[in-house]
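In structure tokens, the next block holds one chain alone, the form predicted alone.
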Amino acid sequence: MIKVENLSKAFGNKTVLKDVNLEVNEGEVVAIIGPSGSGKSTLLRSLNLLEEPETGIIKVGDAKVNVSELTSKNRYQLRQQSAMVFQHFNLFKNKTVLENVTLSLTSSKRKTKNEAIKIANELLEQVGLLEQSNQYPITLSGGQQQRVSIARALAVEPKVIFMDEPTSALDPELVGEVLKTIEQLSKRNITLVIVTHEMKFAKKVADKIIFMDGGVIVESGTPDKLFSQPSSERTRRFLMSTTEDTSLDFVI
């Protein structure tokens, strides 16, 4: 579903991605972990060209681009393969919950208004927010807003959903409701790539964990292997600093 070859990205004189190679299979749930500044979010944003790398080849779904040869056409084709759930929700404040979900359906998917409303209502029911469909984002909690953004991402039927630290902007008591929604998605054969600091959640829902540091993928593997037998000393030190017991089941 995703293949990345020799991806590099710099901001000014600072290189934040260094020759990254990555593969994600269809239906796989991949969690990207690592310290702040390790390049996790930049990698995720580069996969749909919200950040444009200097070098590399990106394949997502049916689209493949060499980033040194970008055109409006192949940029659009790549972005059509995925949807993004942002850290700070990125909802339209002047539109209702329902309108936030239907907008992409009527604009990019060319659905009629009635078709879009039907699909949006079904998705809002799935994330537990059908009763809030006529409210505006400002009236919702952070957890509710993030669930609206997940419904919006699902609406366009993407090949992949990218999630960039979807719980980091939430108060601690609201984290669980969003993680529960993502966990439900992980059981539906939807390809998910999630940047997260929630170690126990990553261990529970991911098929593969990727640990990044210094702009490179230090190692990757199944949750059991990476959390219990990391091959890199850097990974081991990071895990020790972030959780006292990664064997505990995540409780929602």
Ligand SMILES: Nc1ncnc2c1ncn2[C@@H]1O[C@H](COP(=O)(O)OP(=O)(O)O)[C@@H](O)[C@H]1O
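From 1 onward, residues are counted along the sequence shown. Fair warning: this is a prediction, and the values are worked out from it, not measured in the lab.
One more form of this protein, predicted together with the named molecule, exists but is not displayed; see below.
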{"query": "Interface residue in the predicted bound form among G221, P35, G61, G56, criterion: non-hydrogen atom within 4.5 angstroms of the named molecule", "finding": "P35"}
{"query": "T42 within 4.5 Å of the named molecule in the predicted bound form, heavy atoms", "finding": "yes"}
{"query": "Proximity of V16 to the named molecule in the predicted bound form, heavy atoms at 4.5 Å", "finding": "yes"}
{"query": "Residues of stretch 135-168 in contact with the named molecule in the predicted bound form (4.5 Å, non-hydrogen atom)", "finding": "none"}
